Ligand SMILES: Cc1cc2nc3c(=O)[nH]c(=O)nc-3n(C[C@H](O)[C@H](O)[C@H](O)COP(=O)(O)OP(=O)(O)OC[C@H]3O[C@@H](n4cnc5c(N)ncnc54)[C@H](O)[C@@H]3O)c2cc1C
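Quick heads-up: it's one chain on its own, the form predicted alone, in structure tokens.
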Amino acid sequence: MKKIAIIGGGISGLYFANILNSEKNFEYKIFEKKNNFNFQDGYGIQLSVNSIKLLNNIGFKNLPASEVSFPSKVNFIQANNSKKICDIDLTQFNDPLNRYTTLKRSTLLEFLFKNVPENQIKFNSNITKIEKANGFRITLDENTHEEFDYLIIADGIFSKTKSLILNDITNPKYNFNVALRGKLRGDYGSDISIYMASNSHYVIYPINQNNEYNFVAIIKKKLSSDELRNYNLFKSNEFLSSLRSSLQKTSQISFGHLSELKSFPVYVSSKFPSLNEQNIYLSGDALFTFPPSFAQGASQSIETANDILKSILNGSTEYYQKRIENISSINDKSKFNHFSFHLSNPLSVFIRNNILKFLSKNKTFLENYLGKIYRT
């Protein structure tokens, strides 16, 4: 019986635990630094067909329909005049059993958590040392030790575990943008809408069938090192109000209906970490974090975890090569989307909008730009 340590109880770690449940030759334990999970968090995520297919294999399709939404289009809108530029049909990437889906992040976490036996997750975990011998010896701060054959590192962009095992630590970089997230009340339709403005964009989409909507804005903002270290800044009402006030107003959205606002600086990876150790796998944001302008963070966390298990079962050494190729493509697209969504020069905006109108209906382009990612 092989033992697997999963560091981090986010989407990637919990999904990996779920797919291990059917593998009788492995046992696992999740180490989570928090003392519990918040299943009341109302913020949304988007899941493309690549991850929905994997989730449906473990019973996700049995969730009540009221807890998810199935947008059929992405609308591109000019924020300053509320005019729709074009839309992309998402249904062309669906299949009869798997559809592009939006929902609360907490809904997905709760679904994944319910399938993990209570004795196989340890909350309040503080790993202080990892030693490599025949396997891995993990030391916790209460000076207890546990030994494992495999190590799955999925504890986020600022992974502490990476610093314990890697000599070459590549820290994420602030990309001069701040994210503003919140819940939006009202009726904004069943699709995803992207509002493009000067040096910012914001996205609205339903997270269930109860007229609850996720709102997320990405706003260009220079911050000093001291400001980035000041966590209270991002929670202050003054800072949150200044971010909301900086958004290009549109007649289609009532910003007064925003609630549960939170903000955070956007960090991205600059390169992949150097890892040549066998039986150690990085997943999710611990492996690589790209700009949030392609809505693939959650889907890639799931897909990566699935590839890790296949690599373990097959004894393959090609896991990182495949992941790097896929994630590099998504990273390039994310950076390009971010650039094009934030254009401010009127001529550049005019050219972008006309190109968007053409490309949004070009089947060949859409299959290469989206289809190869969504259906990987």
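Numbers for residues come from their place in the sequence shown, where the first is 1. Model, not experiment: these values are computed from the prediction.
Although not depicted, the form predicted in complex with the ligand is the subject of the following passage.
- A heavy atom within 4.5 Å of the ligand in the predicted complex is found for one listed residue only; from Val74, Ile219, Met196, Ala295, this is Ala295.
- Contact with the ligand in the predicted complex, judged by any heavy atom within 4.5 Å, is made by just one of Ile45, Ile308, Ile52, Ile327: Ile45.
- Residue contact with the ligand in the predicted complex: Phe60 places no heavy atom within 4.5 Å of it.
- Taking the partner from elsewhere, Lys33 is found to have a heavy atom lying within 4.5 Å of the ligand in the predicted complex.
- The ligand is not drawn, but in the predicted complex it has no heavy atom within 4.5 Å of Leu223.
- Shown alone here, Asp285 lies within 4.5 Å of the ligand in the predicted complex, counting heavy atoms only.
- Each of Ile11, Arg181 and Ser301 is positioned with at least one heavy atom within 4.5 Å of the ligand in the predicted complex.
- Partner proximity in the predicted complex, defined as non-hydrogen atoms within 4.5 angstroms of the ligand, places exactly one of 254 to 262, 81 to 89, 152 to 160, 233 to 241 at the interface: 152 to 160.
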